[in-house]
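Have a look below at one chain only, the form predicted on its own, in C-alpha coordinates format.
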(Lines give C-alpha, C1' and ligand atoms only; values in the text may rest on other atoms or scores of the structure.)
Protein backbone atom coordinates (compact mmCIF):
# COMPACT_ATOMS: atom_id res chain seq x y z
CA UNK A 1 0.00 0.00 0.00
CA UNK A 2 1.36 3.42 -0.94
CA UNK A 3 1.98 5.99 1.75
CA UNK A 4 -0.80 8.57 2.05
CA UNK A 5 -0.13 12.17 1.07
CA UNK A 6 0.21 14.21 4.25
CA UNK A 7 -1.77 17.43 3.74
CA UNK A 8 -1.39 19.02 7.16
CA UNK A 9 1.88 20.65 8.16
CA UNK A 10 2.57 19.75 11.80
CA UNK A 11 4.61 22.89 12.52
CA UNK A 12 1.91 25.16 11.06
CA UNK A 13 -0.91 23.73 13.21
CA UNK A 14 -1.80 25.15 16.62
CA UNK A 15 -4.36 24.31 19.28
CA UNK A 16 -7.58 26.14 18.52
CA UNK A 17 -7.08 26.05 14.73
CA UNK A 18 -10.22 25.04 12.82
CA UNK A 19 -10.65 23.02 9.66
CA UNK A 20 -12.83 24.35 6.83
CA UNK A 21 -16.56 23.91 7.49
CA UNK A 22 -18.54 21.50 5.32
CA UNK A 23 -22.31 22.13 5.22
CA UNK A 24 -25.10 20.03 3.77
CA UNK A 25 -28.89 20.43 3.82
CA UNK A 26 -30.38 17.06 4.73
CA UNK A 27 -33.14 16.02 2.31
CA UNK A 28 -35.57 13.13 2.14
CA UNK A 29 -33.75 12.10 -1.04
CA UNK A 30 -30.55 11.76 1.04
CA UNK A 31 -32.40 9.39 3.37
CA UNK A 32 -33.63 7.21 0.50
CA UNK A 33 -30.21 7.13 -1.18
CA UNK A 34 -28.46 6.32 2.09
CA UNK A 35 -30.95 3.54 2.87
CA UNK A 36 -30.24 1.96 -0.50
CA UNK A 37 -26.48 2.33 -0.20
CA UNK A 38 -26.28 1.09 3.39
CA UNK A 39 -29.08 -1.48 3.43
CA UNK A 40 -30.59 0.30 6.46
CA UNK A 41 -34.29 0.30 5.57
CA UNK A 42 -35.61 1.12 9.05
CA UNK A 43 -38.98 2.77 8.30
CA UNK A 44 -38.19 5.58 10.77
CA UNK A 45 -35.91 6.99 8.06
CA UNK A 46 -38.29 6.78 5.11
CA UNK A 47 -41.91 6.12 6.10
CA UNK A 48 -43.63 9.27 7.38
CA UNK A 49 -46.72 7.37 8.56
CA UNK A 50 -44.66 4.82 10.50
CA UNK A 51 -42.48 7.53 12.04
CA UNK A 52 -45.49 9.53 13.20
CA UNK A 53 -47.19 6.37 14.53
CA UNK A 54 -44.06 5.85 16.64
CA UNK A 55 -44.52 9.34 18.12
CA UNK A 56 -41.96 11.16 16.00
CA UNK A 57 -42.74 14.40 14.18
CA UNK A 58 -41.32 13.02 10.91
CA UNK A 59 -38.71 10.70 9.45
CA UNK A 60 -35.16 11.36 10.65
CA UNK A 61 -31.66 10.94 9.29
CA UNK A 62 -29.48 7.87 9.68
CA UNK A 63 -26.86 8.41 12.37
CA UNK A 64 -24.19 6.90 10.15
CA UNK A 65 -25.04 9.41 7.39
CA UNK A 66 -24.21 12.18 9.86
CA UNK A 67 -21.04 10.41 10.95
CA UNK A 68 -20.06 9.99 7.31
CA UNK A 69 -20.61 13.68 6.57
CA UNK A 70 -18.34 14.64 9.45
CA UNK A 71 -15.83 11.93 8.49
CA UNK A 72 -15.65 13.32 4.96
CA UNK A 73 -14.85 16.78 6.36
CA UNK A 74 -12.01 15.24 8.40
CA UNK A 75 -10.48 13.42 5.42
CA UNK A 76 -10.94 16.47 3.16
CA UNK A 77 -8.94 18.45 5.75
CA UNK A 78 -6.28 15.88 6.63
CA UNK A 79 -6.06 13.90 3.39
CA UNK A 80 -7.25 10.44 2.45
CA UNK A 81 -5.43 7.73 4.36
CA UNK A 82 -4.33 9.99 7.23
CA UNK A 83 -7.22 9.23 9.57
CA UNK A 84 -5.87 7.28 12.55
CA UNK A 85 -8.86 7.40 14.90
CA UNK A 86 -12.43 8.74 14.75
CA UNK A 87 -15.00 8.30 17.50
CA UNK A 88 -18.36 9.99 17.96
CA UNK A 89 -21.32 10.12 20.29
CA UNK A 90 -24.73 10.72 18.75
CA UNK A 91 -26.49 13.49 20.68
CA UNK A 92 -29.64 14.39 18.69
CA UNK A 93 -31.59 13.19 15.68
CA UNK A 94 -31.23 14.96 12.35
CA UNK A 95 -34.30 16.05 10.41
CA UNK A 96 -34.94 16.71 6.72
CA UNK A 97 -34.56 20.42 6.02
CA UNK A 98 -31.81 20.95 8.58
CA UNK A 99 -28.51 22.35 7.37
CA UNK A 100 -25.76 20.30 9.00
CA UNK A 101 -22.31 21.86 9.40
CA UNK A 102 -19.04 20.38 10.59
CA UNK A 103 -16.74 21.84 13.19
CA UNK A 104 -13.22 20.46 13.64
CA UNK A 105 -11.03 22.16 16.25
CA UNK A 106 -7.41 21.18 16.93
CA UNK A 107 -6.92 20.25 20.59
CA UNK A 108 -3.37 18.94 20.53
CA UNK A 109 -0.47 17.50 18.60
CA UNK A 110 2.29 15.06 19.39
CA UNK A 111 5.09 13.11 17.79
CA UNK A 112 4.53 9.38 18.17
CA UNK A 113 5.97 6.12 16.83
CA UNK A 114 3.27 6.35 14.11
CA UNK A 115 4.38 9.84 13.11
CA UNK A 116 3.23 13.38 13.79
CA UNK A 117 -0.34 13.20 15.09
CA UNK A 118 -2.90 16.00 15.36
CA UNK A 119 -5.87 15.56 17.72
CA UNK A 120 -9.13 17.44 17.24
CA UNK A 121 -12.61 17.71 18.71
CA UNK A 122 -15.25 17.20 16.04
CA UNK A 123 -18.90 18.24 16.02
CA UNK A 124 -21.82 18.27 13.62
CA UNK A 125 -24.37 21.02 14.30
CA UNK A 126 -27.56 22.22 12.65
CA UNK A 127 -28.30 25.76 11.50
CA UNK A 128 -29.30 26.71 15.08
CA UNK A 129 -26.00 25.49 16.54
CA UNK A 130 -27.63 22.40 18.08
CA UNK A 131 -25.10 19.56 18.33
CA UNK A 132 -26.12 16.39 16.51
CA UNK A 133 -22.97 14.41 17.20
CA UNK A 134 -19.61 15.06 18.79
CA UNK A 135 -16.36 13.24 19.18
CA UNK A 136 -12.64 13.24 18.56
CA UNK A 137 -10.25 12.40 15.79
CA UNK A 138 -6.53 11.79 15.34
CA UNK A 139 -4.88 12.40 11.97
CA UNK A 140 -1.35 12.25 10.63
CA UNK A 141 0.51 15.41 9.62
CA UNK A 142 3.74 16.08 7.73
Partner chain sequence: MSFDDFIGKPTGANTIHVERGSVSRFADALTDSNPVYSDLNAAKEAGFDAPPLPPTWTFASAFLGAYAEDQPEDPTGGEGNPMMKIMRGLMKDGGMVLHGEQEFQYHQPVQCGDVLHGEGKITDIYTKESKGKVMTFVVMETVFKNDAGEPVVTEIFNLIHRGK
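In this text the structure is predicted, and so the values were computed from the model without any measurement. Numbering follows the first chain given and starts at 1.
Omitted here: the form predicted in complex with the partner chain. The next part is about that form.
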Partner contact for residue 43 in the model of the complex: the partner chain, 4.5 angstroms, heavy atom: no
Can any non-hydrogen atom of residue 115 be found within 4.5 angstroms of the partner chain in the model of the complex? no
4.5 Å heavy atom contact, residue 107 to the partner chain in the model of the complex: no
So in the model of the complex, does any heavy atom of residue 142 sit within 4.5 Å of the partner chain? no
Contact set, 31-64 vs the partner chain in the model of the complex - heavy atom within 4.5 angstroms: 33, 34, 36, 37, 38, 39, 41, 64
